[in-house]
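The chain that follows stands alone, in the form predicted on its own, written as structure tokens.
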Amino acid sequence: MPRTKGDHESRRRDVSEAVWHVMAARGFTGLTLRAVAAELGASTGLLTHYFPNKNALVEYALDLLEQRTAARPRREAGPGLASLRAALLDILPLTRAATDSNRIWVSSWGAALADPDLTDDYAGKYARSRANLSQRVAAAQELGELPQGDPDRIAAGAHAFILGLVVQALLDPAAFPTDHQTALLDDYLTALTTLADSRGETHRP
């Protein structure tokens, strides 16, 4: 009996789940056709219908990672500093889904650094992330919640802080449980708002 379109879509979803589980468990460097086939309970020959080579698998995995990251639920918050805090919390590995996603992102950095095209692609992704934070910083400045200054520079500092915290939490989760990650972020934001107060600027709760 010939396979239907529904069969094909179902198998493709199974393949996507297998790719995701392998990356979450083994990191990006552990992503191989053999590992995906084992997770799927199939032969590597079946996977060649989807991925003729390792490069095709890597390209698919990166697309899948970006799609799932974009589809993750985001916190809703009011304008200004609350919005900035929510965006930074969304980056941290505070849930199982966020932890899996961050493990894969961090483990993919080696591949990105080794491939000039991927390097440019990742640079663009992180530039867009900083731009998003910069808009939130500017809104907080308008409300007097953050010091005046270049919002791009403040956003770059916040981005660097949060990515550093992500790496530490992934490497040593016992030392950086979720409540500690949140407390460290709040300490960082408090330092920024304290700077605003020390300069005599209006601070609104």
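So that there is no doubt, residue numbering starts at 1 and follows the sequence shown. Please read all numbers here as calculations on a predicted model, not as lab measurements.
Here the subject shifts to the form predicted in complex with another copy of the chain, a form of this protein not shown in this document.
Given a 4.5 Å cut-off on heavy atoms, tell me which of 35-43, 48-56, 161-169, 62-70 is the interface stretch with another copy of the chain in the predicted complex.
Correct option: 161-169.
Looking in the predicted complex, any heavy atom of T194 within 4.5 Å of another copy of the chain?
So T194 counts as contacting another copy of the chain.
Would G157 sit within 4.5 Å of another copy of the chain in the predicted complex, counting heavy atoms only?
Within the cut-off, so yes.
Would N132 count as touching another copy of the chain in the predicted complex under a 4.5 Å heavy atom rule?
Output for N132 is no: heavy atoms all beyond 4.5 Å of another copy of the chain.
Applying a 4.5 Å heavy atom distance criterion, does S101 contact another copy of the chain in the predicted complex?
It does not: once another copy of the chain is placed as it appears in the predicted complex, S101 has no heavy atom within 4.5 Å of it.
Output the sequence-ordered list of residues from 72-97 with at least one heavy atom within 4.5 Å of another copy of the chain in the predicted complex.
Heavy-atom contacts to another copy of the chain in the predicted complex: nothing from 72-97.
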